[in-house]
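Presented below, as structure tokens, is a lone chain in the form predicted on its own.
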């Protein structure tokens, strides 16, 4: 439901703000939540207003509780470390007038955080920004590594559970709702050949050898705020911060940043692995994270890249078989194109596996 400017300002008035906005404008290019920035009478931006996508994040109370726990924990760590200008180094959310961390207008859920002036996100990745991103996410995980088990809830159950994702695919194959299985039989067979090898983390967890930790679960470079000099300010987009395996966080960065092609590239020949990005990110990450990681976790980090790429192949193919009910598509076979592009990147990662695994031995 589209809101008028007056309705937006009324929503903002439901929060405990020190500055009075007079207008709101669209901000950023997020795909899940609607994000806007406020403007005051002096033309300054002090706050960010977001409409939470409660169709994806169905438990908004838990979502905002998780975020409050995480940001408060990081704030305490930064204070103890003697950091200055802390409001620029961790997101600051503002409570509604009723004390909750969100406001429900009868139709949508809203939240407000402080705008960090002079900050920017990056869409392009290079070895320098990749190294800084690795440090940022490594430090983020390190600061949260002592949060007791059970403190945070799993905001999207089974989000990176490979066994669960494969079950969804098998269900989609059996149902064949859109009548597309014969078209993708070859890809489904290749996925099946790798299924056992790609369920290692769940098996190791059941054996007590791989523990769950607090992860960001969406480690793209554009989920980091940089200052004007290219230095990291803070990690943002905290909706998916929840318990999981560390393979997820490094794995999703490898999947998205080390691919020389696009996620949905129609020309598979453009898809290769940029190992310089992998090495730069991993170096930065390990500088911050090696103090809490186990030797097993360290050895499995490159496998995380193969795992998350395989997982995304499965998810795109599942959606294609189900008739494109989850991901937004721009053409009738967009999800199939995405799945084939991700599978090609998986094949390229498999070719580089020995070298990437070997790179971890220095730690």
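Being a predicted model, the structure only gives us computed values, none of them experimental. Positions refer to the first chain, counted from 1.
Below: the form predicted together with adenosine-5'-diphosphate (ADP), not depicted.
Residues 27, 113 and 223 are all found to lie within 4.5 Å of adenosine-5'-diphosphate (ADP) in the predicted complex, as judged by heavy atom distances. Of the candidate stretches 329 to 337, 65 to 73, 296 to 304, 45 to 53, only 45 to 53 has residues with heavy atoms within 4.5 Å of adenosine-5'-diphosphate (ADP) in the predicted complex. The closest heavy atom approach of residue 35 to adenosine-5'-diphosphate (ADP) in the predicted complex falls within 4.5 Å. In the predicted complex, residue 249 stays away from adenosine-5'-diphosphate (ADP), with no heavy atom inside 4.5 Å. Contact between residue 96 and adenosine-5'-diphosphate (ADP) in the predicted complex is not found at the 4.5 Å heavy atom cutoff.
Though the partner is left out of this view, residue 119 does reach within 4.5 Å of adenosine-5'-diphosphate (ADP) in the predicted complex, counting heavy atoms only. Out of the listed residues 204, 236, 188, 125, 236 is the one that sits within 4.5 Å of adenosine-5'-diphosphate (ADP) in the predicted complex by at least one heavy atom.
Scanning 273, 232, 91, 184 against adenosine-5'-diphosphate (ADP) in the predicted complex with a 4.5 Å heavy atom cut-off leaves one residue, 91.
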